[in-house]
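Shown here is one chain on its own, the form predicted on its own, set out as structure tokens.
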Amino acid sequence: MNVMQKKSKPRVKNEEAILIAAEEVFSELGFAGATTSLIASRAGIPKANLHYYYPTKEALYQTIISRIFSIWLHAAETFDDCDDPADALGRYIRAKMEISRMHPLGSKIWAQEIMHGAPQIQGFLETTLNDWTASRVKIIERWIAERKIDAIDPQSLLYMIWATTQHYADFEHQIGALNGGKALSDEKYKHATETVTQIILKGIGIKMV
């Protein structure tokens, strides 16, 4: 057991170094411009080692895409463990804002992929994302039927939440430029998060306490 644990530590370390480097390179150069040689160099490992963990650039890219989507899915678990839309949506929006702050590169890679027509993840959009969105829509429709929120289009609500929260990742340079050339401080980011939450919840008829 000790031998296996010792062997696993370098593997975990190498994989994490590869993923960090891959996020940087893919966000800077896109899928087409990125190379496994550059990613390996950024990770500080031989290219052969990178291909030991990820045989192709496509496999590595899919892992990066899946990772950010998994983080977003985890944030949306509030839909499942709470039937109060104010609480469920409020926690979801706040979580998405925090993800944009902590994982901006993953969000940028996703945005670039979509803007280029999703050549690498079209199948994923048509299956996993489509099924997930349909399940969230049903919950929102139930809240509408129960008159817990206004009769709005559920998909439009989801699109608005995604667009607004991910703006803070995808356009962080613009936000910084409009903030005196500096990233938002903890206090300003918290204020932005609460403002976004309040605007969206009020917009669907939820009274803020």
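A quick note: this is a predicted structure, and the numbers were derived from the prediction, not measured. The term rigid core refers to the most C-alpha atoms you can superpose between the two forms while keeping them within 1.5 Å. Quick note: we count residues from 1 along the sequence shown, nothing fancier.
Absent from the display: the form predicted in complex with the DNA. The rest refers to it.
Trainee: Within 4.5 Å of the DNA in the predicted bound form, heavy atoms considered, which of W162, F69, F171, Y52?
Mentor: Answer to the contact question: Y52.
Trainee: So in the predicted bound form, is the DNA close enough to G181 to count as touching (4.5 Å, heavy atoms)?
Mentor: Heavy-atom contact with the DNA at 4.5 Å: absent for G181.
Trainee: Would T36 count as touching the DNA in the predicted bound form under a 4.5 Å heavy atom rule?
Mentor: Yes, T36 sits close enough to the DNA in the predicted bound form that at least one of its heavy atoms falls within 4.5 Å.
Trainee: Since only the chain is shown here, I'm wondering whether T56 would be in contact with the DNA in the predicted bound form (any heavy atom pair within 4.5 Å).
Mentor: Taking the distances in the predicted bound form, the answer for T56 is yes, it comes within 4.5 Å of the DNA.
Trainee: Do K47 and the DNA share at least one heavy atom pair within 4.5 Å in the predicted bound form?
Mentor: Contact check for K47: yes, within 4.5 Å of the DNA in the predicted bound form.
Trainee: Given a 4.5 Å cut-off on heavy atoms, tell me which of 36 to 44, 61 to 69, 171 to 179, 146 to 154 is the interface stretch with the DNA in the predicted bound form.
Mentor: Flagged stretch: 36 to 44.
Trainee: If I superpose the two forms on their rigid core, does the C-alpha of Y53 end up displaced by 2 Å or more between the shown form and the other one?
Mentor: Yes, because once the rigid core is superposed, the C-alpha of Y53 moves 2 Å or more between the shown form and the other one.
Trainee: Just checking, between the shown form and the other one and with the core aligned, does A17 shift 2 Å or more at the CA?
Mentor: Yes; that C-alpha moves by at least 2 Å between the shown form and the other one.
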